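Shown below, as structure tokens, is a lone chain in the form predicted alone; questions about how it binds or moves come after it.
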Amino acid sequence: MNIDAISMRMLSNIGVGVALADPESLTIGYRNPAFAAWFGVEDGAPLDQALGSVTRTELHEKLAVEEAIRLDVAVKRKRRLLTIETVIRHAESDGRKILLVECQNISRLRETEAMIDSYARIAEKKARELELEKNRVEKLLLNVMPRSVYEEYTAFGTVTPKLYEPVSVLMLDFVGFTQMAAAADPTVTVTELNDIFTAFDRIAEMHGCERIKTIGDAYLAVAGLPTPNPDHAGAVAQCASKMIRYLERRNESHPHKWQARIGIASGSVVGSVVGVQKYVYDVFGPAVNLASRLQSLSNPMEVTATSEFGEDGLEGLVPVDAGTVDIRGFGSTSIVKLQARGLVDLAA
């Protein structure tokens, strides 16, 4: 057996498709069995008929400027779609110019790549969903605890109770809410309450206060916690004043007239997460109790504070002496009513 016969046998048995074509007419002069099986063409067929995805004119144009061109050709055999990587290059045989066409079945490689891409897209989708879920959980937790407390909770799984001193506490309660809730459409009442508390949250944030919780129609906020604030008293006083002003303006255009009573007090509190299943961040201590009792001493749309709330830091507000009262747990206590400076001047 001579060398040519050996070469032909090798070309007939290798798993690579090979064909020889005339560079001018693009007619296939030879194709091995693998090429014939993939493209279904006989010797003498035009090369563009086998490739399908590229026209004769395009082949001529590309081969005129490129030494070799590469194509991924899709062919359907039975029910399976194959991807054949095809390289067409110029060559010479016995001094005659020819086109050498080499083909490899890369279907499994492309299928593997497609599968990897699919897994990558699924992984990216899951990662985005997990990130959205994490953000949703974070948002929910930040609604019930300050950010620094949330970060401690997520890092250690628990929150160490801490004493904060001094801080100022704001306790707000609506007048006649129970009667309003019973007489009006409960959906309307709750919607309005949600709107008002949302506005209160913005006011609290604007003045550096932290809303701790709402209990029915009651609203509890603190200044100086968890980050110390030397002007905690002024911050909580301004916050209370803005809440009253917001309600006054809102009542001018709404059928439901919301009237609040507010008590503010300074002192110490302990902050911690309470509960295991339905946990919530809460504060306890003398300042909370005193603010609650001062709130009950307020008239509608009035802010009551202890006499320690002087004019320092109360920009636009004036503490008006309201005498001394006996407050349960605190004894005889001097209290003041915080009023807008313009209102006090007019009264004088």
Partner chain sequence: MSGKTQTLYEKYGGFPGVRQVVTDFYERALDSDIVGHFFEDVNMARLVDHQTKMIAGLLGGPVEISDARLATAHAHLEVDHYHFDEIAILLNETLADAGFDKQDRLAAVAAVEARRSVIIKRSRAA
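Everything quoted here is computed from the prediction, not taken from an experiment. Positions refer to the first chain, counted from 1. Just so we're on the same page, rigid core means the largest C-alpha set that superposes within 1.5 Å between forms.
The discussion below concerns the form predicted in complex with its partner chain, not included here.
Between its partner chain and the residues 202, 278, 249, 108, the one pair within 4.5 Å by heavy atoms in the predicted bound form involves 108. 118 is the sole member of 160, 178, 118, 93 with a non-hydrogen atom within 4.5 Å of its partner chain in the predicted bound form.
Here the chain stands by itself, but in the predicted bound form one stretch of 182 to 190, 139 to 147, 252 to 260, 77 to 85, 77 to 85, has heavy atoms within 4.5 Å of its partner chain. Though the partner is left out of this view, residue 215 does not reach within 4.5 Å of its partner chain in the predicted bound form, counting heavy atoms only. Contact check for residue 126: a heavy atom falls within 4.5 Å of its partner chain in the predicted bound form. Contact check for residue 198: every heavy atom lies farther than 4.5 Å from its partner chain in the predicted bound form. Interface membership of residue 135, defined by any non-hydrogen atom within 4.5 Å of its partner chain in the predicted bound form, is ruled out. Once both forms are fitted on their core, a CA shift of 2 Å or more is seen for residue 72 between the shown form and the other one. Superposition on the rigid core between the shown form and the other one places the CA atom of residue 107 2 Å or more away from its counterpart.
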